[in-house]
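Next up: a single chain in structure tokens, the form predicted on its own.
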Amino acid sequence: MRKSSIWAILLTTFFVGASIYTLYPSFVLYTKSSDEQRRITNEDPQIRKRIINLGLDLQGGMRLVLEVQRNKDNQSDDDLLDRAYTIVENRINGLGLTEPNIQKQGRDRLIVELPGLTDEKIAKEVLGSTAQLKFHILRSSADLEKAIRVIDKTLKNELVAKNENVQIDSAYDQSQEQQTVQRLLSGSEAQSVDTTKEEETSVDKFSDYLITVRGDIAVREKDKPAVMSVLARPDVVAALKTNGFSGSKFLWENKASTDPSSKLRYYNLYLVKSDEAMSGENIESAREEMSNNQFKANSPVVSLVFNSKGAREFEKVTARNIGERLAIVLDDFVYSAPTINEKIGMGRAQISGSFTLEEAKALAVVLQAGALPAPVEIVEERVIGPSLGYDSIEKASWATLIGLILVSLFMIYRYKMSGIIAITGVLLNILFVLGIMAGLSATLTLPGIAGIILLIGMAVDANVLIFERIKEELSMGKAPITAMEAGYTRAFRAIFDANITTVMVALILYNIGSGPVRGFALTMTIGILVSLYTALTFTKTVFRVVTASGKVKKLSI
């Protein structure tokens, strides 16, 4: 036996073993139920790097179309979409998804495909947030008390003006109102407010909408629209401005909290100074972690580290406002408002709130990636369920199996034992392609499966070219081993030229394409290279082993 044949046998054996080894985790995962798959990936997130990942069309996920909102200042900015693309790409990469796909569409739109993402809310928050992080100092309790009384008085005056028949004390019992607000702010009002009371009541005072929860002013979820309406009224805005609150504004907590006993949902409402104490543009890093605070132990938080400039600013702000509360505000929503107990050096801050770990991670991603150059709006969204993928996989599997059976029958009928050798090469071809894809953690898409089916035909075609050349040599009376060697030599140029040009096209597709197109190009490239090996090396080695003894007088071809 030739030395080259021994090396070819060893190499093929190695490829078979390596392919089975790399495919084993994929086999273990994808033969489980959906629930089992989720459990395994949650327990071992690194398994995603050892398996063939499925594309959006096979495993489901989200498809979003984002539109950049231009205004008169950036209407002619041609780079706006490119900058938005970069930020969105950074944010998605931070989510740790496998093979997400982002494409530009026209001048203002981005198409985002997120295979495997099931939390629709987190995707929207990460992609749509403009991420303007700012720090604001809260106004004092006395200021908040005064602001509430001003609003109450404004509403009372309007009620008197609208209904002259309503008998209202013209002197307006200010002392009584003041006592009500003071009880509210001191927390004693919370004891008198039945937080489980959900029936609609007629409210003609702003303070009646408010409750106190753990020392903060809050609003029941059902009352939030009414409160927002009151705060937006021109007469209320004007009254606040007249009474010294032109440099202040009300901000809401970013999400509703729930009272564990009554299950009542409410939003905290904060009065902050309009001018920001500092911005978050100098954030150097942001990451989620578990809090070690004694009051919120093991709850998710987001830790921020500022660069040297931000660290100096943060130290100055905390030094000037010891004893005050600092609101951490993202996109005009307050995430937390801790009290500054001392000057904080080293440029570190922490955002706490009622986060889940996934929400804290999403917030860290947004802060780390930076602000979008302009707001983006989700103009189209589509959730693709995994059932569509299962149907596609099942149909594609049947198509592959039927195609393989038909091709096998033809090859065996036409070329007898040589046909069996060719089909064995095709099976090895499929095994090697899937093994390499698993080793590279590549993504298999529906077009990728189509590429594998196409490869079956291309691999067989190479063998047909070789076998026909061998038959021509045999017809000229040559010995089997001589005819075999001549057949492979004569067919090599045609096979090589045809496959190399296809590889070049596939590489171009991979570079300029995206998503499923890249999946198809990758599968084609790997498959053609493997096909060249199996057609020109594996089958040739088998023929050489068979004819090496010189006892074979006739090839079964």
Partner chain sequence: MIKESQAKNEAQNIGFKVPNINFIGNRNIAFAVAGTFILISFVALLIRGLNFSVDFAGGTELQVKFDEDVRSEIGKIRQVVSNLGLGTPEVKLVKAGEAEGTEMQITVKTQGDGTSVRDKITTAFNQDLQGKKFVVLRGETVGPKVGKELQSDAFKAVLFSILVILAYLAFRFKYPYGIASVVALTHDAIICVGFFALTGWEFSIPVLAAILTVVAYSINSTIVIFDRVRENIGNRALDKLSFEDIVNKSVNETLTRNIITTASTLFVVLAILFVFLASGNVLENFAVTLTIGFIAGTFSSLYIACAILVLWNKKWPIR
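Worth saying up front: this structure is predicted, and the values here are computed from it rather than measured. Numbering follows the first chain given and starts at 1.
Just so you know, the form predicted in complex with its partner chain exists too; it's not on screen, but the next bit is about it.
Using a 4.5 angstroms threshold between heavy atoms, T501 counts as touching its partner chain in the model of the complex. Its partner chain in the model of the complex comes within 4.5 Å of no heavy atom belonging to R48.
Within this chain, Y413 is remote from the site of its partner chain in the model of the complex, having no heavy atom within 4.5 Å. Its partner chain in the model of the complex is approached by G457, whose closest heavy atom lies within 4.5 angstroms of it.
In summary, among the residues E125, D259, E472, D77, the only one with a non-hydrogen atom within 4.5 Å of its partner chain in the model of the complex is E472. For the options V317, I87, I111, V464, the residue carrying a heavy atom within 4.5 angstroms of its partner chain in the model of the complex is V464. With the partner left out here, its partner chain still marks one of 322-330, 137-145, 373-381, 280-288 in the model of the complex; by a 4.5 Å heavy atom cut-off that stretch is 373-381. Taking its partner chain as positioned in the model of the complex, the residues of 424-457 that bring a heavy atom within 4.5 Å of it are, in sequence order, L446, P447, A450, I453, L454, I456, G457.
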